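Encoded as structure tokens, the following chain is the form predicted alone, with no partner shown.
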């Protein structure tokens, strides 16, 4: 049984999200950056929150027109392997199926658990960005999930 629910980020979550960000990423976003995103109509950040209010993980998405860009998915180290990242990604995929042509993201080649999660959900590798990450220096794998859309004839097509 899950001991958390997915909720939209609000101001009360920012301090814990920034802590998780520092724990998970070599170039973390600041609290101020997350606060700015609260007022960005193109951004959605969802939080996995325990009943006591503790933040276990979060995920961020920017939707521009019919394109979705997943910024980050991060889970506290002591809560990994419990399906939290899977649930966060699943929420964005459900949103994408209803509203977007595709979702895309970048991931470090060394982040095998994340790559496997994305493959599990149907993402495919579509490219590479040379030296995208700086600390440590590493390429980025670009992964994308395209959604089927019905055209005027009632047949499904990939956008």
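Numbering follows the first chain given and starts at 1. These numbers were taken from a predicted model, which means no experiment stands behind them.
Quick note: we don't show the form predicted in complex with a small molecule, though the next part is all about it.
Of the candidates 128, 94, 50, 120, 120 is the one whose heavy atoms come within 4.5 Å of the small molecule in the predicted complex; the others do not. Think of it this way: in the predicted complex, the small molecule has a heavy atom of just one of 106, 37, 67, 31 within 4.5 Å, and the residue is 106. Proximity of residue 116 to the small molecule in the predicted complex falls within the 4.5 Å heavy atom cutoff.
Taking non-hydrogen atoms only, residue 111 approaches the small molecule to within 4.5 angstroms in the predicted complex. Taking the partner from elsewhere, residue 140 is found to have every heavy atom lying beyond 4.5 Å of the small molecule in the predicted complex.
Among residues of the shown chain, residue 18 is not one whose heavy atoms approach the small molecule to within 4.5 Å in the predicted complex.
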